[in-house]
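Have a look below at one chain only, the form predicted alone, in structure tokens format.
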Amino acid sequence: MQLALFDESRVESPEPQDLKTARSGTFVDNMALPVHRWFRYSAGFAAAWVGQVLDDWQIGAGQIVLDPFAGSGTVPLVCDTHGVKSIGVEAHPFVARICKAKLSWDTSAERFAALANEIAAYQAIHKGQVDPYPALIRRSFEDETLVTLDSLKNAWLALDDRSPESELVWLAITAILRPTSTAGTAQWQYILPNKTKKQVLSPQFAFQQQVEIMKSDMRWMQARIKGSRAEVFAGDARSLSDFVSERVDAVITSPPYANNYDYADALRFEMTFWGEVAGWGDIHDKVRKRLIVSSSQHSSRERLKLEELLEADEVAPIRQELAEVTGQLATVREEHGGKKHYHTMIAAYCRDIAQVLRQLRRVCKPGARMCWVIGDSAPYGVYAPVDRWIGELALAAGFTAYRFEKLRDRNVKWKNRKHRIPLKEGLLWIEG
């Protein structure tokens, strides 16, 4: 069967204004681009928009770009295509591993393919099992499919030599889990075992296809670019200066939004398959506690105290307004059955973002530019002007100016919504 590989001539580039208003906050377009498409991570933004910002800022080979919330590597990959050195920092350990693997695009495509073939051959003669897997995985695959995936995983474990090629094969296996699963996927990659999908790929075909796509993309990149100039750290943006030793010229990023999306849970499906978590209870200690607070699950599990959060030095520039908003949330939550900890979530989020901004001031050169893709928030219908608060916290950290550019409205389709507060997403430009 002929596999669908990348055809550069078929990729259409949106007009610059369309890129900004419609594409900067979405990862969808990236799934047509080499390397970016190796793994779909919903919490991302458009590669073409990042390239436009680099061009507008005239970022060149002698400069360094930082993404303190690197995700699956959009900014470092675009910097590679522009010949620009970059640094990516990602706190989610599994996502950081995906990012690092993608940035191994400059390794030998032939060695990668040879190892993939060796693993496929090993898998073919070693039968897998389904019994070791927890319910989430058992319910998400047909038994025959899971047997094959298990044998593929075991083949990789047996032949893993910790090389870049081995990590690329690990990524190939990880990338085919959802296409071979009968489980549906909700918004933001939450897995839905009870919602089955009809069209699934066989593991053998999916693996072959993924390897061929990756091999083709590697050759495409290597024919045009000398090699990756990216450095990726699995670390906390709140302590950037511990591992970012060089001063950076520009920052392009999209931090978690304070909208109660649990970033730790997004890839629980993949982590469970690989045995990195055994169930929901592992998620907090192994992932969530490493991240900045942006979900009520995080703030409630940490048993955060609002009074202590409001007393933190980091939130001093917005303390009065933050206290008013979180005070309303503390009152309103008593009227809701879930009594979610939105009040401490919002306060902790601002504290953590302030810590990141202080670290950015330490690692950025004087006059450095930043662009954040960000959205505001309204938990329980109480509006939090997060975009403006981040700007004020940036000034307090030592940056000189900020402006917010609205891109699109959010939460304007009221059907089945819990509140009708209009929200927005946009670009926060920070200077200095």
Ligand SMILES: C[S@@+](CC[C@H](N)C(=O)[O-])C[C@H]1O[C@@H](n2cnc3c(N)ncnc32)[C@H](O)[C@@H]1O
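This structure is a prediction, so every number in the text was calculated from the model and none was measured. When you see a residue number, it is the position in the sequence shown, counting from 1.
From this point on, the text means the form predicted together with the named molecule, which you will not see here.
You can rule out all but one of 148-156, 214-222, 285-293, 165-173: in the model of the complex, only 285-293 has residues with a heavy atom within 4.5 Å of the named molecule.
With the partner omitted from this view, the residue of Ala101, Leu309, Ala237, Ile87 that lies near the named molecule in the model of the complex is Ala237 [heavy atom within 4.5 Å]. In the model of the complex, none of the heavy atoms of Ile119 sits within 4.5 Å of a heavy atom of the named molecule.
Not displayed here, the named molecule is kept clear of His343 by more than 4.5 Å at the level of heavy atoms in the model of the complex. Although the partner is absent here, Tyr41 is a contact residue: one of its heavy atoms lies within 4.5 angstroms of the named molecule in the model of the complex.
Remark: Tyr263 counts among the residues lining the named molecule in the model of the complex, judged by a heavy atom distance of 4.5 Å or less. Within 4.5 angstroms of the named molecule in the model of the complex, the stretch 255-269 places a non-hydrogen atom from each of Pro255, Pro256, Tyr263, taken in sequence order.
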